[in-house]
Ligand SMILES: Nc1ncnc2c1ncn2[C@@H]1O[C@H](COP(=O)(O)OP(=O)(O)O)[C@@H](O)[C@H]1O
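Okay, here we've got a single chain as structure tokens, the form predicted alone, with questions on binding and movement later.
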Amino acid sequence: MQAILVANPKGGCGKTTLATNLAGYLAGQNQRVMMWDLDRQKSSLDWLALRPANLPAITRLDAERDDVHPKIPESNDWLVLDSPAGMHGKNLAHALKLAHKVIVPVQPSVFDMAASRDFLDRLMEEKIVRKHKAFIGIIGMRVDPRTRAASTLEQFLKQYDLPVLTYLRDTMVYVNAAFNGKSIFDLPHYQAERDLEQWQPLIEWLKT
């Protein structure tokens, strides 16, 4: 089983959007997917409760967020962890021990970049990352490439020796899909064609 941790200490940066759509993509590839929502708000589980029964199945892991050794069924191919805002210290270390890939969403705002700077610095000091047992990828979230904010975000991310996997646009496609317990990968292709293209670099990274 492989595990993906979606993490950033800043609230509202798109962690749940990424986590739910990752789970939706993997399930659509006939993978057995389990989701562990570490946030007290349990937004990912709310989304999962709305998911139609005719879509590829995603199961939930019922465990407390500070559970160091959660009982994860070995029959799963993937575990997707949706982390809370402000996760650090022991809780972050515990989640990292499970993770093979860590995805850090960053929005093009001064507040998001400031929070992400400290988090990325701490993350790269974690033993599991330094020993190359977990690999970090960055996603630019809600980015309009025509704006100065997008250019500033791009320059900010260049200071890190980490792959910037892709930039995802700000669109209601994600919001409308989530209202129905769906990911963009569950929609008709014509409804999400542009967004599916933006996801391709992230999908290729997951395969490496």
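Computed from a predicted structure; not experimentally measured. Throughout, rigid core stands for the largest set of C-alpha atoms superposing within 1.5 Å between the two forms. Residue numbers here begin at 1 and follow the sequence given.
Below, we turn to the form predicted in complex with this ligand, even though it does not appear here.
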Contact with this ligand in the predicted complex for residue 13, defined as at least one heavy atom pair within 4.5 Å: yes or no?
yes
Report whether the minimum heavy atom distance between residue 141 and this ligand in the predicted complex is within 4.5 Å.
yes
Would you please decide whether residue 169 lies within 4.5 angstroms of this ligand in the predicted complex, comparing each non-hydrogen atom pair?
yes
Since only the chain is shown here, I'm wondering whether residue 175 would be in contact with this ligand in the predicted complex (any heavy atom pair within 4.5 Å).
yes
Looking at heavy atoms inside 4.5 Å, which stretch does this ligand contact in the predicted complex, given the options 23-31, 51-59, 141-149, 157-165?
141-149
Superposing on the rigid core, is the CA of residue 161 displaced by 2 Å or more between the shown form and the other one?
no
Residue shift check between the shown form and the other one, rigid core fit, residue 170 Cα at least 2 Å
no
